[in-house]
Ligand SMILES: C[S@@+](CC[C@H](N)C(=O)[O-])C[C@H]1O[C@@H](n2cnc3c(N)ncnc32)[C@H](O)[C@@H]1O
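The chain below stands alone, shown as C-alpha cells; this is the form predicted on its own.
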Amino acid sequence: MHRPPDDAIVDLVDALRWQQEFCLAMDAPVSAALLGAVVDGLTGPTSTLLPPRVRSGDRVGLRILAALHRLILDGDADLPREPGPAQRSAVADALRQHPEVLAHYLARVPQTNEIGRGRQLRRALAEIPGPVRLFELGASAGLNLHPEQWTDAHDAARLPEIVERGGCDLDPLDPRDPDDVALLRSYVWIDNPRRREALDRALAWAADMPAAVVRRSAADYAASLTLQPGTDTVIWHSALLMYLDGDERRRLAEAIEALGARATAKARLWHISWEWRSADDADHALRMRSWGAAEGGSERVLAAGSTHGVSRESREPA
C-alpha cells in the first residue's frame, strides 16, 4: 500500500481514504466503515468541524476513529457497525452533538501505546548482554517500558536485567488515572478485542509498577541522556517518527549520534525502533544499532511486520 510522505500536506478526504484502506488491510472493517461514513458526511455540516487539508503523518483518521470510539465507550453514541444510511447519519449526529470531543482528539497526537510493539522490544533486548537502562521516546503511559510482562514462546529468549527505566512524551499519561485509561482504550480499534485485552493487562501491570515518563520532546530527552559504565543504555521508540516534523527528526538523530560517539566497550549504547520499513509503504521494521559493542556501527533489521507489532520472521541486512 503506497503511503504518502509524513510531511506531505494532503486533502482531508485523501488522508481519510488512506486510513480507511489501511484499516481494511489490517482486518478492521468496522473502523474502515466508520471512516467511510465520515468522508460521506463531509458534504454536510460535519465539514465545518474538520480541517480541509492535513499533514499526512498526523494521522487525522486515527484521531477521528478514537473520538468516535470514546463516544461509544462513554455511552454518548450508538453507532451501527454496518455501512449504510443509518451509520452515516449516526456518525454525523455524534460528531455534531459532541464537537468538544472531536476537537480534543484532533488536537492530540494519537497515543496508542500499542502493546504488540513491546514484544518487538523484548525480541531485540534478548540480544543485549545487560544490565540495561531502558529509555523510551514517545512513551505515553510507559506500558512498553515493561517487557518482562510478555512470556510467550515468541519471546522465549533470555531477557537481560533492567536496572533503570524511564521515558518522555509531549503529554504523558498515567496508567492509574481513569481518564487516561479511557483515552488509551479509545485508540484501540473497535474491531480489535485482543488488542484491548492486551492493553488492559498491560495497564494492570503498569499500575503496580509505573515508570517515570516526563513531559519533554524526543530530541530534548535523548540529548539529556548519559551513559554509565557497566551497563547497556537502550533508546527505544515505536511508531513515533511519523508525528515528528523534519527538524525534530534531525535533532533526534543528532542527539543519538552524539551520545553514541561517547560510547565505549564498558558503556554501550543501543538504538532500537519499530518504525516505517521504507519511505512509502505501510509496513514496519525492527531495527537495532549499537555503539561501543563489538558489532557496533551498522544498523540491522531483525524483523518486519504490521504497525501493531505482529511480525514476520526476518533477519535481513539494512
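All of these numbers come straight from a predicted model, not from anything done at the bench. Quick note: we count residues from 1 along the sequence shown, nothing fancier.
Just so it is clear, the following notes concern the form predicted together with the ligand, a form of the same protein that is not shown.
Asks: Is Asp76 a contact residue for the ligand in the predicted complex, using a 4.5 Å heavy atom cut-off?
Replies: Although the ligand is absent here, Asp76 would stay clear of it in the predicted complex, with no heavy atoms inside 4.5 Å.
Asks: Is Pro160 one of the residues lying within 4.5 Å of the ligand in the predicted complex, judged by heavy atom distances?
Replies: Contact check for Pro160: no, nothing within 4.5 Å of the ligand in the predicted complex.
Asks: Give a yes or no for Pro175: in the predicted complex, does one of its heavy atoms lie within 4.5 Å of a heavy atom belonging to the ligand?
Replies: So Pro175 does not count as contacting the ligand.
Asks: Determine whether any heavy atom of Leu170 comes within 4.5 Å of a heavy atom of the ligand in the predicted complex, and answer yes or no.
Replies: Yes, Leu170 sits close enough to the ligand in the predicted complex that at least one of its heavy atoms falls within 4.5 Å.
Asks: Can you say which of 232-240, 78-86, 202-210, 95-103 gets within 4.5 Å of the ligand in the predicted complex, counting heavy atoms only?
Replies: Careful reading of the contacts points to 232-240.
Asks: Could you work out which of Arg216, Arg119, Arg133, His146 is the residue within 4.5 angstroms of the ligand in the predicted complex, going by heavy atoms?
Replies: Spelling it out, the residue with a heavy atom inside the cut-off is Arg216.
Asks: Which of Ile190, Val109, Ala198, Ile128 has a heavy atom within 4.5 Å of the ligand in the predicted complex?
Replies: Exactly one listed residue reaches within 4.5 Å, namely Val109.
Asks: Would you say all of Gln19, Ala67 and Ser186 touch the ligand in the predicted complex, counting a heavy atom within 4.5 Å as a touch?
Replies: Per the other structure, none of Gln19, Ala67 and Ser186 touch the ligand.
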